[in-house]
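Only one chain is given next, in structure tokens, and it is the form predicted alone.
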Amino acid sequence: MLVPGLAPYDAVSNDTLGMTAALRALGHEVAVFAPHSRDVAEAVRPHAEIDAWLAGADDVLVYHYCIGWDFALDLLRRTKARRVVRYHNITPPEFFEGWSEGYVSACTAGRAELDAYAALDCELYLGCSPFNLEDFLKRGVDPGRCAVLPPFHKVEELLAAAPDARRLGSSSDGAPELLMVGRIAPNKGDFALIDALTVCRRMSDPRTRLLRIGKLDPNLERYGVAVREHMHAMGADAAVVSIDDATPSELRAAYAAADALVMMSAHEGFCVPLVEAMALGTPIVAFGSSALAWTIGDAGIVWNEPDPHLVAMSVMRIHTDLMLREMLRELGRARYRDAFSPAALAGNLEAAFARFAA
């Protein structure tokens, strides 16, 4: 298992470690290699040692592709092991134009390697969603060498956490509460999210709040300033509770407090917060861009445009319609159980790797 880095609360890290545990449970010997790691419960080996560990054609190398990395590309070109490209999606650089030259450069470099990985004709390409796999299918990769495997996650740990709402502040009893979970970045739809909050406050209840859980990378500070300026222009400063370092207990409390997880993102390769909401019984309202519609399935209200009025009206309807709210909760829990639970993911992984036994 090769990954560019491992850290807590990171989706790629969670998938790497979850896949490692699932493969070990199936009886395989698995080692994880990375150039750096911190605070993870895994003995991570230096990436430079991976050649010595791969003995030959009976081994399988799984590379978690999420950035540009010459070392990984060179390794997949020379190794005699069977190769699996686990693609986590790389955001197109145009989302960061005008906000961060560094992000534009990194995303450009990462996506520039798609052609090279497609040309390698690896034994298996694992996408987190059908949307992800399109990056390889349109480059001519054999569909028979592709499979969809949703990412492993830490949702079961979230389900076991005791809610802690102290930092969420006092909710306005009876007023709608919106929730967004995810880093603050230009592809996440923060402006449309604030607009939807504003519509709710104007048309439903001026006490409506937005719980915004997620970090802002210092390299995107220009974008963060623009979001705060828009928030101020909409008169929503006091209506937004921002937490950039939420614990699992605080995240559990935020899902419990919200009428809906509102996801306005314009580009996602999967979106784990949707799965968290399903498992915890929080209704979902979303713009059905990229992989979002597939991830949600029938377990939420999905619009084909990021219209703040449509989103706001959906949240208001969920807030007042008990039957709709309970239906969405049950649909979410069912989709989590059938498609994204640990048992479902382990079954999908076993089926994907069964081709190596043929």
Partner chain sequence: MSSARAENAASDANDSYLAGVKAEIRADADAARMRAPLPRKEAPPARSAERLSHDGTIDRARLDYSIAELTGDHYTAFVDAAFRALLKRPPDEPGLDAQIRLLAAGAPKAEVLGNLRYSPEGRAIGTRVRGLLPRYALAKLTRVPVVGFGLNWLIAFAGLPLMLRHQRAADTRNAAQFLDAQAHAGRIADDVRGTNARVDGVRGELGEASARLAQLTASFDERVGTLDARVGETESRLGDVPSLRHYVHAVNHWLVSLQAAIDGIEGASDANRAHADALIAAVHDASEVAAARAARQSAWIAALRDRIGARARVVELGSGDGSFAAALAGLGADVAGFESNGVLARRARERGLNVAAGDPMAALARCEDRSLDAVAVSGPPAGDGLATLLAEAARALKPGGWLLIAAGEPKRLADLANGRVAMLDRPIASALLGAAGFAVDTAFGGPDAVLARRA
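Positions refer to the first chain, counted from 1. Computed from a predicted model, the values in this text were never measured in an experiment.
Below, we refer to the form predicted in complex with the partner chain, which is not included among the displayed structures.
A.B. asks: Thinking of the partner chain in the predicted bound form, which stretch from 201-209, 243-251, 141-149, 161-169 has heavy atoms inside 4.5 Å of it?
C.D. replies: Partner-contacting stretch among the options: 201-209.
A.B. asks: Is there a non-hydrogen atom of Ala41 within 4.5 angstroms of a non-hydrogen atom of the partner chain in the predicted bound form?
C.D. replies: Ala41 lies outside the contact set for the partner chain.
A.B. asks: With heavy atoms only and a cut-off of 4.5 Å, decide whether Leu26 touches the partner chain in the predicted bound form.
C.D. replies: Residue-level check for Leu26: no, no contact with the partner chain.
A.B. asks: Is the gap between Glu177 and the partner chain in the predicted bound form 4.5 Å or less for some heavy atom pair?
C.D. replies: Judged by the heavy-atom cut-off of 4.5 Å, Glu177 is well away from the partner chain in the predicted bound form.
A.B. asks: Can you check whether Ala57 is within 4.5 Å of the partner chain in the predicted bound form, heavy atom basis?
C.D. replies: Taking the distances in the predicted bound form, the answer for Ala57 is no, it never comes within 4.5 Å of the partner chain.
A.B. asks: Which residue, Asp135, Glu276, Asp195, Asp259, has a heavy atom that falls within 4.5 Å of the partner chain in the predicted bound form?
C.D. replies: Checking each option against the partner chain in the predicted bound form, the one that comes within 4.5 Å is Asp195.
A.B. asks: Within 4.5 Å of the partner chain in the predicted bound form: all of Ser129, Lys215 and Ala344, by heavy atom?
C.D. replies: No residue of the spot touches the partner chain in the predicted bound form.
A.B. asks: Using a 4.5 Å cut-off on any heavy atom, which residues of 227-243 would contact the partner chain in the predicted bound form?
C.D. replies: Result: His230, Met234.
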